[in-house]
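Just one chain follows, in the form predicted alone, and it is written as structure tokens.
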Amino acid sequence: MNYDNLMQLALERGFYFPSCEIYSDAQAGFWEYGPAGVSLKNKFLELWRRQLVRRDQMLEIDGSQIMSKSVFEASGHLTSFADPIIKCKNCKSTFRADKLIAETTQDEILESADLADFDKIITEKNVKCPRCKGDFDNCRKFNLMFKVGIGPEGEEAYLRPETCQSIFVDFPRLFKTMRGKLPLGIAQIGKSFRNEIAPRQSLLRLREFYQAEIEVFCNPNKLNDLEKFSEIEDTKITVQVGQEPKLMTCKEAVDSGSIPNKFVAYYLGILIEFYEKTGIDLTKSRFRKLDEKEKAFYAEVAFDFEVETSIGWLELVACNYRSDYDLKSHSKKSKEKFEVMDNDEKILPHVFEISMGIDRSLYSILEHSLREDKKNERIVLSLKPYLAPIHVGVLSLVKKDGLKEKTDEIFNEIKTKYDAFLDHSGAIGRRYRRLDEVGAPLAITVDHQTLEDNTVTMRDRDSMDQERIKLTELDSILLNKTAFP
């Protein structure tokens, strides 16, 4: 199944859709989650908390989306957070330079390349405006920050381009009040905002998007002194350094130098274990090490966790060893002290970041789970049961003879404990197909026999097998089949 199939499913089954779509002036890059999408997203985040945040007793905060100008002066975003753009001299249309070059010439050029390199390729390849065939002005940088004015005087501030800056700014208070001890993970879920030049492909490049970020503060002198590394040393990950990806254990990755130390390898290991539980096909995944020109301006070492989809490889998680860049920058700008004690050693902690794109992750989960069952003429969204927007459909065979009332009674008994969907309308086969498309792993059908012996038919989404179960067993069966791992 491909992007178009998933787009149709998303629109028809309430996963996601464009914001303000009824108006002609609706802006690109803003999408909204419908009921099915919200349910899937919430379950994904609960799995993230269970598998990553709680595993290491990390702290979770919820920071402000609007932050002062000083924060982004210190972080470097006001000077370094920019994409290359070119403007047509004739029709004044603006394009992102690296993307236009790739689309029109098949030449790859990094977005971090020098501006002169863009101008050189555009001249040599005779790249013209795709709208009017006009010539371009020289390439320039466009800052992606969203500027806002606060109060009647319009005091300058910015929507955050990433959630992590509040974690860095809050670190001294959190370390002190929560009796922190290195290594210390601090997590945050929230929206970030980037004024993308050419947002496209629904959830894949947005101007307003969800992130789940973890910043792990550590002692840089102890990056190979990590007892819990033994928990994941045999976990297999695909690492790409250079051109060829290689499947290896986390221990082999450290021993071979593919990953610089046990500290980084540990977090890559628990990240891959998390994504395995989301249902993403890990044979289509890799940790790709970024070279000097690719990595972010604050990163010392960087790996992107990428997943292959029908439209190419998608970056889902940026894993950056940011060293002491952020804490040093905020300390210098604010004149506050960010050093902490690690046993008897006073240090300025280094930071390893796991910055997850929630929207792209959800897209990848959906695409990897969507399949066409040609034999049975149906579309099936084979989500993990604990991620499914609907856990169970509750159906009456017919609406007469007291079956509707019995079905309503069963639904009312389970609706606050599970995500259940009540459906009385249409042929039973068609109702099963609708549940298959939205990913519901189970369906129970109330029929005339139910009134006689208090049993119902339970149908499995993937196998389509049906079995008769007692209503007294329903709760325990649902709990067992839909519980988080």
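For the two forms, the rigid core is made up of the largest set of C-alpha atoms that agree within 1.5 Å on superposition. In this text, residue numbers run from 1 along the sequence as written. Keep in mind the model is a prediction, meaning the values are calculated, not measured.
This protein has a second form, the form predicted together with the RNA, left out of what is shown; the following refers to that one.
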Checklist entry - the RNA isn't shown here, but in the model of the complex, which of 202 to 210, 271 to 279, 385 to 393, 245 to 253 has heavy atoms within 4.5 Å of it? => result 202 to 210
Checklist outcome for this item: Among Leu397, Val340, Val239, Leu182, just one has a heavy atom within 4.5 Å of the RNA in the model of the complex, namely Leu397
Next on the checklist: By the heavy atom within 4.5 Å rule, which residue out of Glu437, Glu46, Glu32, Asp56 makes contact with the RNA in the model of the complex?
Outcome noted: Glu437
Checklist entry - Do Tyr418 and the RNA come within 4.5 Å of each other in the model of the complex, heavy atoms counted? => result no
Checklist entry - Hey, in the model of the complex, is Pro161 touching the RNA, heavy atoms inside 4.5 Å? => result yes
Checklist entry - With the cut-off set at 4.5 Å between non-hydrogen atoms, does Val71 touch the RNA in the model of the complex? => result no
Checklist entry - According to a 4.5 angstroms non-hydrogen atom cut-off, is Ile354 in contact with the RNA in the model of the complex? => result no
Item to check | Contact test, all of Lys120, Glu306 and Leu370, partner the RNA in the model of the complex, heavy atom 4.5 Å | outcome: no
Checklist outcome for this item: Restricting to 1 to 37, the residues within 4.5 Å of the RNA in the model of the complex through any heavy atom are Tyr3, Gln8, Leu11, Glu12, Ser24, Asp25, Ala26, Gln27, Ala28, Gly29
Next on the checklist: If the two forms are fitted on the core, does Leu144 show a Cα displacement reaching 2 angstroms between the shown form and the other one?
Outcome noted: no
Checklist entry - Taking the rigid core as reference, does the Cα of Ala82 move 2 Å or more between the shown form and the other one? => result yes
Item to check | Distance direction in the model of the complex for the C-alpha atoms of Arg140 and Gly149, relative to the displayed form (3 angstroms or more) | outcome: closer
